[in-house]
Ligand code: 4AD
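Just the one chain here, laid out as structure tokens, in the form predicted alone.
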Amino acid sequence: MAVQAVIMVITVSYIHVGDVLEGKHEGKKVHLRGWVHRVRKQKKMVFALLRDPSGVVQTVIKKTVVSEEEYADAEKMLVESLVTMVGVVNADSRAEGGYEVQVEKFEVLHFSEEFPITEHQSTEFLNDNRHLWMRSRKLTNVLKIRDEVFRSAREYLRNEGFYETTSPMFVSTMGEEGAELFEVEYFGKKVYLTQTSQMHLEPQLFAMEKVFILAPSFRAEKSRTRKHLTEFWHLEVEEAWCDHECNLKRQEGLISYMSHAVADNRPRELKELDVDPERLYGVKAPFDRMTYDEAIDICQKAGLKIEWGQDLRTEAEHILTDDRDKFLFVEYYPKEIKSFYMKHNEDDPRTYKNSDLLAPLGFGEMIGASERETDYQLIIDNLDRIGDDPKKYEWYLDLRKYGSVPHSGFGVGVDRLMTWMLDLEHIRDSIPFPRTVSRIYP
């Protein structure tokens, strides 16, 4: 009779620091692993803040408890060394997070070199070392909230019957009036990085009625403000059987849903970033509204030198929103400053049925939107007016020949929305690796 050997495999069950901070393991022995966030060394003990993606907890490594070799390693290790440890969790109000781990076993898996980022560094230095700085608690928390923003946007739209799709990043036509294009050589031809996926979303709604994309867009604007990136993440939505009013309500529903989801699901990160969740719970429909005409009048009365037909830039946005605690739709912009594909406004032929959504407190435009023009000849007229060649848009014009359907759409600047949500000083802090006029590294 054959004897069958039984091999017992024992695996270590590691927990996250966040589980310790939630009080789930008080008085229990736990296995932890992560990076040394801070370290303070005394004669007979080493205090190490252990960091993993879920948080930071204080640990105490005593010379009288761990082995001589383990303690020597603890004394030698520097910030960002990779470690594992076994210890008992104790509540301690003096410790960061309210808990402390008394270490019984300890191992350094990788000794870090001296970390170049210390407490006081210039913004330029931190951005030069972005690949390391994102380990900071601030950027870690921002990136986790960014994940929730992406997740909740998809959840809302799918719940409303939308299909997620894709569009090309190389394009041959202009999508946005006034925004400069990044020109690219493409096998001997001149093409561009896309400013918007909108024109390639529209054909897809004829098949699926409701579509969206979450992808980068590119703008070669030489703007050096806290609101501008040259590469930004763009949530774009197109919906059939949806007019201008329907489009405004869709934006209200989406932005409210995303804001509440962040407040519901990321309270710890918001607390560490000193953001009051009520800021996000307060986002509710209906949003405020005014016409472009009204906006110009308000700005002129406030002393701004602006005329009808000019765009609403930063100073105008501040006048309109600095004292406002709700999002604001500005509707019916002049045709001269908006794109050719927007719907003609019968009530005022100088304008389109469009809108920009401005965030409270001067954070600027979050969304550009419009009902789309369905009349073939009106689009031709618009292209002639701006001096563009309709032949370049034959494929797009085909949509108005074969079953043209009423539809609307909009694009959300996700990074700008996050900048408002988290009250960030600069849009670059909403994204892992920002691209600006002056920055392409790392």
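Just so it is clear, the model here is predicted, and its values are computed rather than measured. Position 1 is the first residue in the sequence shown; the rest follow in order.
Below, we refer to the form predicted in complex with this ligand, which is not included among the displayed structures.
For this session: Consider residue 232 of the chain shown here, and say whether it contacts this ligand in the predicted complex, taking contact as heavy atoms within 4.5 Å.
Result: Close contact exists here: in the predicted complex, residue 232 approaches this ligand to within 4.5 Å, heavy atoms only.
Exercise. Is residue 73 close to this ligand in the predicted complex, meaning a heavy atom pair under 4.5 Å apart or at it?
Worked result: It does not: once this ligand is placed as it appears in the predicted complex, residue 73 has no heavy atom within 4.5 Å of it.
Exercise. Closest heavy atom of residue 106 to this ligand in the predicted complex, within 4.5 Å or not?
Worked result: No, no contact at 4.5 Å.
Exercise. Is residue 331 a contact residue for this ligand in the predicted complex, using a 4.5 Å heavy atom cut-off?
Worked result: Taking the distances in the predicted complex, the answer for residue 331 is no, it never comes within 4.5 Å of this ligand.
Exercise. Which pick from 297, 336, 276, 221 sits with a heavy atom within 4.5 Å of this ligand in the predicted complex?
Worked result: Flagged contact: 221.
Problem set entry | Heavy atom within 4.5 Å of this ligand in the predicted complex - the one residue of 262, 367, 255, 211 that qualifies | Selected residue: 367.
For this session: Select, from the options 152-160, 224-232, 86-94, 283-291, the stretch whose residues sit within 4.5 angstroms of this ligand in the predicted complex by heavy atom distance.
Result: Looking at the partner contacts, the answer comes out as 224-232.
For this session: Residue by residue through 196-216, tell me which have a non-hydrogen atom within 4.5 angstroms of this ligand in the predicted complex.
Result: Residues within 4.5 Å: 196, 198.
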